[in-house]
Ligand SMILES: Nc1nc2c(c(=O)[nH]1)N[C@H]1C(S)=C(S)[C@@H](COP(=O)(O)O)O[C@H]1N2
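Given next, in structure tokens, is a single chain: the form predicted on its own.
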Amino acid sequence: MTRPMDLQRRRLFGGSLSVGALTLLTGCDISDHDSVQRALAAVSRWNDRVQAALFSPNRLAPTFPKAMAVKDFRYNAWYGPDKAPKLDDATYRLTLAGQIADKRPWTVAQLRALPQTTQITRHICVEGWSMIGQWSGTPLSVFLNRIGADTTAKYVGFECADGYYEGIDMPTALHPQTLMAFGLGGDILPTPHGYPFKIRIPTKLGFKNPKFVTTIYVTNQRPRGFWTDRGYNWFSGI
């Protein structure tokens, strides 16, 4: 059964694709004229402002009973699972940058020693499918406070081992359901899903949930996004 919140999101997101996304989906070039580009870019910025205004740190995404979490969570990336980066515990280091007081790198063992929680939430993909998963990990807000991040800054950005990059607004980073997810389905996060951890944000579309994170930085300059650079809205959440 589709929940009203999901319908609201899909209507908003469905009307939010910019010209780049439409070109990707249709294979047609509708952007020959600069005036079209400027108009659609303005609509995209308006959508971002509306979605940001609707966001509330006190509004939680729906949660579900454990029985509804799928056992075999769907793989999704622009490359096949055999191409997923295989990061080694012995050499992996999470790099920190930007407006952070303690920039010492973190090992996998140190990350796993952080306090963890579990949530069962729905992943919503811009491609039109969704799936409920059981995620375990550390609230990103806990980690940001631990490293002395400036939470008055506007954004948190991520860089990843597979070349992906993404960023979110600080209120979303501090949302109680935004996790550094180390586990899926009660097990250690599998390599294809982003080992050693991914950012799990149930209030955002799936492409805002980066995997294989190797760098976290805090900034007042809005970070670029992999799919945003290819035409999707930057905020992409509610």
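Start at 1 with the first residue shown and count on from there. The structure displayed is predicted, hence computed values, not measured ones.
Below: the form predicted together with the named molecule, not depicted.
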Contact at Tyr155, Arg222 and Gly237 by the named molecule in the model of the complex, all three, heavy atom at most 4.5 Å: no
Proximity to the named molecule in the model of the complex (heavy atom, within 4.5 Å), stretch among 143-151, 105-113, 70-78, 89-97: 70-78
Non-hydrogen atom contact Pro196 with the named molecule in the model of the complex at 4.5 angstroms: no
Partner proximity in the model of the complex: Phe182 to the named molecule, non-hydrogen atom cutoff 4.5 Å: no
Tyr217, heavy atom within 4.5 angstroms of the named molecule in the model of the complex: no
Residue contact check: Ile132 to the named molecule in the model of the complex, 4.5 Å heavy atom: no
Residues within stretch 181-207 having a non-hydrogen atom within 4.5 Å of the named molecule in the model of the complex: Pro192, His193, Lys198, Gly206, Phe207
